[in-house]
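Okay, so we've got a single protein chain in two different forms coming up as structure tokens, structure 1 first and structure 2 after it.
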Structure 1
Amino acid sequence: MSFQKFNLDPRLLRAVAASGYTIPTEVQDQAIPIAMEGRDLMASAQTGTGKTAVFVLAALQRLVAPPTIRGRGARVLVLTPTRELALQVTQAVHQLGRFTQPRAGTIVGGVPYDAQEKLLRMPLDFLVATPGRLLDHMQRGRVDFSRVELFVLDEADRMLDMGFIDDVERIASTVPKSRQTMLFSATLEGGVQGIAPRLLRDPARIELARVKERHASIEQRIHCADGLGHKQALLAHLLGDREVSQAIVFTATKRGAEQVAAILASQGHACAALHGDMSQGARNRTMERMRRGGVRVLVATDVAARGLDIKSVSHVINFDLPMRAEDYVHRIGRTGRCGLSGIAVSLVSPQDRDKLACIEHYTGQHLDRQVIPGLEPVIPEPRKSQGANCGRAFKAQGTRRSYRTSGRFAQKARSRH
């Protein structure tokens, strides 16, 4: 069922369509009707579930109606734990509000106060903020919350973990009690459970299965690789298995997808590349060939693989790990569909280790390391705790390198097919 059922303003439906959203995600399906009723809501939904659109659409729908109180202060206040998330939410407001044009502003730390003070003097509809800086402005008497109708706490568990909860409660205490409040959190257990009664009134509770439970039908494995040549040899070995009925191999770049597809084709695989540089027509034709079974191995980038729903994909192979942990979840979800089981294999070189740590942290799982006899890695994996380097910015890896097999595994990879 499409977004039409939500009774959204036609301009919002147009913006939804222009954003490429056709089918609501699970959390959108469950939460948008409740949010639009004006009821308080607490939902367990991790990043990547589409939770932002839930509160952004409900807020924009609210803003379509004229304000009940005159003034300059924002009618919607969203608190996020980090600057990055605040900017992402603001971006979603601009994206979904492109035809309704809300006046949206962001207040985050680490930037000069002057421009923010100017922003707070202007009439605003939507304010997205991190708690610390917002509280600074409040203490200087620069914030007017008298018009706030909707108050959103995004990633509340992270705000708790980061020690923001006192700030959040102080901000909440100055927002009118008549407001609607929505709280989103990866989990509704623990600390969030404790603060909820103080912030929400008789909230509806929505609990999505956590990533770990959602992928119970997918066996996930890791093969450590010493470098590109080793990855190529592992890939050749994996695809030699008759159990692989159809596979999607993910690469970090378009060029990488082309190169890996060319190597696989030279090894005799029925394969094709799929990436964002291809015309929509060419992409559709490739997907159709995959659906009909004419392609056994599809080598794709993340952009191209969005929305791919092919039942017979038995394996997902991450030749490169994705930049964001949520994309890992999205990728592996291309297998194990329609009640079938699936296998997701990731090839992890020393440069990919921080990304792997983030994925394990995000999914709450330690992924099983496996070794293929004859293709053992020489470089050992250091012992460190899950998610240890997770905060570190990912560096694009492999972007300029050739994906052609070289080094000690070259001959092995070539001789297999």
Structure 2
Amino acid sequence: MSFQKFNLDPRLLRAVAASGYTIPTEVQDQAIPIAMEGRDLMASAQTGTGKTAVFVLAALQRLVAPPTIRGRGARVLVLTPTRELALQVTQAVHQLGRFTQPRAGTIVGGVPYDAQEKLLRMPLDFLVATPGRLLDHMQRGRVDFSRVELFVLDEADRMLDMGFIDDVERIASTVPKSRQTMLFSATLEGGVQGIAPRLLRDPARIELARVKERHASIEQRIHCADGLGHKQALLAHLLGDREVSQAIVFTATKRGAEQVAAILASQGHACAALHGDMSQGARNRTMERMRRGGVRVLVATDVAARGLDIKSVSHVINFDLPMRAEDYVHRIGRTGRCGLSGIAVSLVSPQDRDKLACIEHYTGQHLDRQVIPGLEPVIPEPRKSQGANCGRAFKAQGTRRSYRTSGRFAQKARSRH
């Protein structure tokens, strides 16, 4: 199999080859023909399987033909839940459209309005946006949707989780009804199933892998910890391994990301923090440094759980378990991408055990417990899970935690660095 069978424009095939793609993934093989037919589509697959290329290639093929309506408004509109994912999609448009040169723009929060208003006054082919900021521009009368032929909802389940559904529906109501609509999601269950009839017309449905399925390319490990100091010592040991080429360390809070990053920097690691309080420019610079290898350890909140595609990430470490079980799947999906293998490690303190039970219930697997000699936990893990009520287990456990290393584990961490 090759991309030749999709009858793409020769310039797009050149771009595909120049990007290093040779054989379509399963979701690409099934979804691209449907997308190019102009039929509405709902599709789900595991992270890292190439869903973005499905709608980008279909959109670029559509843009090869002249527009049916004259004007400046975009012909393709893509909504994403986060700034990082919007920028990743825009990057894919430029990469796969390098020989067709589509005029693409991005509208996200954290960027001055003036620059975006100037962008919206220019002729556009491809507009990628987060719902909130795009709605702001709509209310100011800055957006022209009259030429939209293709409307894409990327990571639709996350947009639901983040409370964007009303914004999405308001935007959809202003886009021409004659449009083609494609919805991509990690799962087609729950709320996504509820909104689909309001946004799509008789869609084809492709569901290759449910979110709960195991990431075959990712080795998942659990290290039990007695407390915060023990977690810090475990983290220091893990990052001391030369097999860690690049790692993402996830924390529960923005303050926690800053504190952990500061501790790691003091230990000599090339690290940076990434969270929602940073300006978009600062976030972009941090991500560019990581892509270029200037950052070995990225300490992040769930802002990086989706839309972050860096192939060289060998390890994901959950310093704090996520608030929701499904976010665990998205976090660990930042490694083991594009056919590579990866390792995901979670540090679990006694107060995290109900969250761990919910993750294991959600994924349908018992995660491997491992012990590092010299850093064994003192507090034993109960034989039976205490996590019967997963809803309660995933409530926030406070945002004013201090991440400073302390006690006997602090001494071990300092002695290693």
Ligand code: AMP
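Throughout, residue numbering runs from 1 along the sequence of structure 1. This structure is a prediction, so every number in the text was calculated from the model and none was measured. We call the rigid core whatever largest set of C-alpha positions still superposes within 1.5 Å between the two forms.
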| said: Quick check: structure 1 or structure 2 for the form predicted on its own? | reply: 2
| Residue shift check between structure 1 and structure 2, rigid core fit, Ala357 Cα at least 2 Å | yes
| query | Using the core for the fit, does the CA position of Ala65 change by 2 Å or more between structure 1 and structure 2? | reply | no
| said: I want to check Met323: does it shift between structure 1 and structure 2 by 2 Å or more at the Cα, with the core superposed? | reply: yes
| message | Give the rigid core superposed Cα shift of Gln370 between structure 1 and structure 2, in Å, rounded to one decimal. | response | 3.7
